[in-house]
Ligand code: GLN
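Here's a solo chain for you in structure tokens, the form predicted alone.
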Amino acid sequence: MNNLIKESLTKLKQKNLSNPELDLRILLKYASKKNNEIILSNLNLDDIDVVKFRSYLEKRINRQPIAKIINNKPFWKNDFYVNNFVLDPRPETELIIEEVLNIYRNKNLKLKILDIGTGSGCIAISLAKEYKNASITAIDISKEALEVAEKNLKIHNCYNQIQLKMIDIKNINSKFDLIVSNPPYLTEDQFNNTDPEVKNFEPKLALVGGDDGLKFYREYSNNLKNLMNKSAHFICEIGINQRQDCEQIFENSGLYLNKIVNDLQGIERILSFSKI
């Protein structure tokens, strides 16, 4: 193995990263002059833009997430542009898409959908691709996040289905068949103690839900009933150990908790409500 590769791998391992070999492969791939598969054992450095690679490596050693370095993160069935103004889409958030597909099995439905706190637009765009007749309103209070979502709308050619708005849910007057959200749900303490990859490179605005992490669920419980059509559903992601608190918050909201979905680690992660 080439000395540059060996040294780079050693540097990554010294940072106790969870997948240093995988990180190295991805950085090499994105610094490659060709589109070939990266095989570390017989890599030809002539095929790599070494200056670009060293720049990427330095960022990763400083704990910048891979997705933020290469401005790309896969979610559901597609890749999405990301930067420091939006969260990297997480695998557990895909459970929102799965639950929507469980509820609305007919993909030809003309669903009217609201995505609250759209960020990169990954949920809205994934739903638009599954339900070609759906019309989606994707909202956020961050101008920079909406610029990222706009970029992803262009990449995935979803302009005809998705309307982006910089607005708070309290100011929305329409009614919807489906409302989805992955709101900020960390407490201030959780945010302060989280990994450098998260704390230093992801937007606090999209992570912290007030002192106890439950601020946005309270807002939703007060507002969503008026935004939902008669047989509408609301599906949201929650943080670790928040299910009981959320059940209490939504108790008098006019919404009925139909289902709790666990993620792959067995953590209660998705709540699915319908209008009473």
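Note that the coordinates shown come from a computational prediction; the quantities given were computed from them, not determined experimentally. A residue's number is simply how far along the shown sequence it sits, counting from 1.
The same protein also has a form predicted together with glutamine (GLN), omitted here; what follows describes it.
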Practice item. Spot the stretch among 246 to 254, 22 to 30, 50 to 58, 206 to 214 with residues whose non-hydrogen atoms come within 4.5 Å of glutamine (GLN) in the model of the complex. Key: 206 to 214
Review point. In the model of the complex, does residue 99 have a heavy atom within 4.5 Å of glutamine (GLN)?
Key: no
Check your understanding: residue 185: heavy atom within 4.5 Å of glutamine (GLN) in the model of the complex?
Key -> yes
Practice item. With heavy atoms only and a cut-off of 4.5 Å, decide whether residue 92 touches glutamine (GLN) in the model of the complex. Key: yes
Practice item. May I ask you to check whether residue 219 falls inside a 4.5 Å heavy atom distance of glutamine (GLN) in the model of the complex? Key: no
Revision key, fill the gap. Answer key: of 87, 111, 139, 172, within 4.5 Å of glutamine (GLN) in the model of the complex (heavy atoms) is 87
